[in-house]
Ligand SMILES: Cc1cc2nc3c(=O)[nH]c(=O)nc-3n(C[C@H](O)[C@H](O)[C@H](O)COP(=O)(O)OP(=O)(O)OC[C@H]3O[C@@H](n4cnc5c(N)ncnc54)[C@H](O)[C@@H]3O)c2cc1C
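Before any questions on binding or motion, here is one chain by itself as structure tokens, the form predicted alone.
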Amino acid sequence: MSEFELNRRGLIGASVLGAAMVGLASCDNKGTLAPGVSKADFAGAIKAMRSVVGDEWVFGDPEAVMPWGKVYVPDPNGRHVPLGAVCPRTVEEVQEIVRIANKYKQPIWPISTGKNMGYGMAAPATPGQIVLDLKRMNRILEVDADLGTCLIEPGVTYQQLKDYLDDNNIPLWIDVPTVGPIASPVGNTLDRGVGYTPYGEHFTFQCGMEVVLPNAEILRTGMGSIEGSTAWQAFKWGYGPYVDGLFTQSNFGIVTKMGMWLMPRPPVYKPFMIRHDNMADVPKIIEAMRPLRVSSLVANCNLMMSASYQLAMFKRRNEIVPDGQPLDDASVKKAAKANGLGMWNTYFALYGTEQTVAAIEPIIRAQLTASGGEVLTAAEMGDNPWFHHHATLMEGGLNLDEIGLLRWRGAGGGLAWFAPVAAAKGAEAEGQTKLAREILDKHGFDYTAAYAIGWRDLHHIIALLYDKSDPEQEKKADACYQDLVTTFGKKGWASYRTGVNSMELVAQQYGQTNRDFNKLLKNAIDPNGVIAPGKSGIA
């Protein structure tokens, strides 16, 4: 039985005040209370929360809280361990929990489903927090097939939303991130995640939020505050300052409803892969693809995947090179060729009618072939699992293939995403690739990475894969990650998103004025600092 099912059924065990106190007096972070919170405060908060949601949905003893403390990112000092968890079912219960948090000065860490694998899962950025798990708030409140919009709660998963569309024969597509079946559209959008269809920039296609503020009042953004409005999910801006962005990657409120735009299913969908055979082809690929993206001839955010990343999805490292041996390019190239892959494999799709796809395809083929790439379709790739994986994602389909990354270096399952941003220029990608390989080589890790080519930007998605069951390797991974963040930052390549293990470090790179402004807002709307202290480096 899964941890989710154990939690849902209450079989892990209800919170017991006596058990909740176990370990709290210890000096390590696993039992550390939040600053200014006493044992009596914590016990009082747990008791009060139980009166709101029931014993079954409050967890305060170390064993019961373990599922919320599981992380794949490096955490050698056990810093990212929650003290408790509470699972409300309604927005009214969320409001009551926020009031309790303020009364006892007990910080709470809101999550949607907590399945952001390489960014910290459900664990908080700082010690002493109670996870506010919104997975029970999982209603699809509205889908408008004509407008292509929906309104959902944070516990809704991509799988649930897709099933709803399929079951009701609604010809709309969702846009998914990696491991979409178990992830939340609300959670991914609030962290400004990306996907694979033309609707892949998720925050761009968000429209309207309901937010519980730190004082427990409810704010509806955009047109949501207008009584009788029919445009809450149709018009993003409303009137006056646009505030939705303040609730992304922040701790300024708790989003309990969110509107989204969904993509109409096109008459024709045709996926492609461009295969390049050399690691040095990076700048040529970017220079060929950028004008196609800027002009929207290629409408979706496409992924340019290194062979090592691709192989790590379905293979173990010791299938490529013996244990203890560096992952050299010659061995990777040999394994890639044996599996129908190049050293770089770039995926994109065409969407439209028979006529539009037929007209655009020759233009794109000519541009990408000139870069030295081999343009391939389903006709050539057949049942190749890597092609199938991306072809599925680019039409809003779901799979869990990339969980295979956790097996690359053993059963320990260590993964931390590092995602620096650059302009979509070949020289920038070439420089980032070179620097990343130098740092990873220095610390003894592999370059398993991809580039997400946006309209004008690059997200360099580096998967730091290690064996978390090996304490020494976890320490090395932690040092490597810190090195990546700081060294790339000095070059002007800061992360667009990061995990709980590095939120403070990344925030420092965006400058003191930026940090002071965030702090000013935080102090104004959350004077007790009860919502997610440390989120995105905002105390």
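A quick note: this is a predicted structure, and the numbers were derived from the prediction, not measured. Residue numbers run from 1 along the displayed sequence.
Omitted from view is the form predicted together with the ligand, to which the following refers.
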Answer among 358-366, 254-262, 333-341, 73-81 for heavy atoms within 4.5 Å of the ligand in the predicted complex: the stretch 254-262
Between the ligand and M117, E402 and R497, in the predicted complex, does every residue show a non-hydrogen atom at 4.5 Å or closer? yes
With the ligand left out of view, which of I439, V375, M279, V194 would have a heavy atom within 4.5 Å of it in the predicted complex? V194
So which of V298, I453, M394, L134 reaches within 4.5 angstroms of the ligand in the predicted complex, heavy atom to heavy atom? L134
Answer with yes or no whether N345 is in contact with the ligand in the predicted complex, where contact means some heavy atom within 4.5 Å. no
Can you work out whether P177 and the ligand are in contact in the predicted complex, taking contact to mean some heavy atom pair no more than 4.5 Å apart? yes
Is there a non-hydrogen atom of W109 within 4.5 angstroms of a non-hydrogen atom of the ligand in the predicted complex? yes
Would you check, heavy atoms only and a 4.5 Å threshold, whether S184 touches the ligand in the predicted complex? yes
Heavy atom within 4.5 Å of the ligand in the predicted complex: which residues of 80-100 meet that condition, in order? none
